[in-house]
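Below sits a lone chain in structure tokens, taken as the form predicted alone.
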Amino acid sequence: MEIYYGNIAYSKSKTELVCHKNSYIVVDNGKVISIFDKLPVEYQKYQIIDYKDSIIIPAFSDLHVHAPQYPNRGIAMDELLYDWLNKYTFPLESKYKDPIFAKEVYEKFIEDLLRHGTMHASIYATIHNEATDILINLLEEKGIRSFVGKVNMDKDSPDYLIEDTLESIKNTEIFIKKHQNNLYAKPIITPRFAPTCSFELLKKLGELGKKYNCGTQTHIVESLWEREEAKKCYPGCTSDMRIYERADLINKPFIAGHFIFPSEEDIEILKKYDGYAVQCPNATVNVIAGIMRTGYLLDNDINLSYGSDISAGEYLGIYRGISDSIRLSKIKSFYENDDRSITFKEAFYIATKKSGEIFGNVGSFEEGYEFDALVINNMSDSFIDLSIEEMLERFCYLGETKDITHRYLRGKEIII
């Protein structure tokens, strides 16, 4: 039994941010028992870990991140998407045929992910099985709840990243079979996006998904070019999501990266299969892809989540994604008038409880949830006393990794 004292905050819903000032959170076997303003007698015999005026919050979830692109973070940010991919990203991804290089990068990536307070993630690797094995094994050893995908692409890509269709299927099945019984880090089917995949490949991947009960992650309508190119590649399909439905590749969980320019058909299909749309607010500005209609999708009961999208996004901290998402929703509602701006409560909910639910009971401090938690410095000034919500908001706008003083994964402290 562990008991932590401090200012406690978590989301119960998109409109309800629960704050407990100077309170106790009781944890047993890595799971939350309850929160008390005054500690009951039966718990007073246990040691209390006193975090004084710090804030205790749930850890973050990142539902769209490219681990192999980690070395390129903060580089080539003056390029637009096409040149950024072909001049920097694809050449970097080709290096992962070297397992020694892969291990060095992936160890640093995971360490930095935890440093930024992210303890659950859906991660793209590359086409290379050995390197992807290294990534998923490192995550499993750390006990990080995650999905990891060996990327599939068999056309319209650089020669050094194009796979033979049957080899791509064979290697994907080998990867899934090897890791399907992992406790924490699970395989996920990962076609890069529709224009780089033949219909034969997508159909075969759909069969693997059904055979192994394996989810899917991919890029969906990230840009106007992608939206039109996908329909051009698949003339019988009227939307990006329809391609995946026709291929029978919408398996749970289905994670739609970006989802910036969806048609109403895209939205209807994603909602029909209870899929998740991932906003990557930092990345979307860097490569000028567009701005998600966050408020509109929230109001239409679409599952929303955030992704850092390293390295189109330069920053791993999902808390910065919260502030960027709010800013972009305000810009879109002001200039385009087809959306509404979102609140801080909604954005924090997306980053914690809503994104976390895809991994189970994580992302909140309700009873029975895993104690995946961050301890954040008190963000008040000496001359003014902020509320817990105000301190939390300030952290999401001004905070740095040094402001995360302690990290807990299922009740065990992580030392970085």
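What you are looking at is a predicted structure, and each value in this text was computed from that prediction instead of being measured. Don't overthink the numbering: it's just position in the shown sequence, from 1.
The same protein has a further form, the form predicted together with another copy of the chain, not shown here; the description that follows concerns it.
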(request) Mind telling me which stretch in 365-373, 39-47, 381-389, 26-34 gets its heavy atoms within 4.5 Å of another copy of the chain in the predicted bound form? (result) 381-389
(request) Look up in the predicted bound form whether Thr343 has a non-hydrogen atom within 4.5 angstroms of another copy of the chain, and give yes or no. (result) yes
(request) Although another copy of the chain is absent from this view, report whether Glu173 comes within 4.5 Å of it in the predicted bound form, heavy atoms only. (result) no
(request) Give a yes/no on whether Arg320 approaches another copy of the chain to within 4.5 Å in the predicted bound form, heavy atoms considered. (result) yes
(request) Examine Gly74 and determine whether its closest non-hydrogen atom to another copy of the chain in the predicted bound form is within 4.5 angstroms. (result) yes
(message) Contact check in the predicted bound form: Tyr82, Asn86 and Val151 versus another copy of the chain, with a cutoff of 4.5 Å between any heavy atoms. Do all three pass?
(response) no
(request) Would you kindly say which of Ala247, Leu161, Cys214, Leu328 lies with a heavy atom within 4.5 Å of another copy of the chain in the predicted bound form? (result) Leu328
(message) Only one of Ile144, Cys237, Ile188, Ala289 gets a heavy atom within 4.5 Å of another copy of the chain in the predicted bound form. Which one?
(response) Ala289
(message) If you apply a 4.5 angstroms heavy atom cut-off, which residues in 90-107 are near another copy of the chain in the predicted bound form?
(response) Phe101, Glu104, Val105
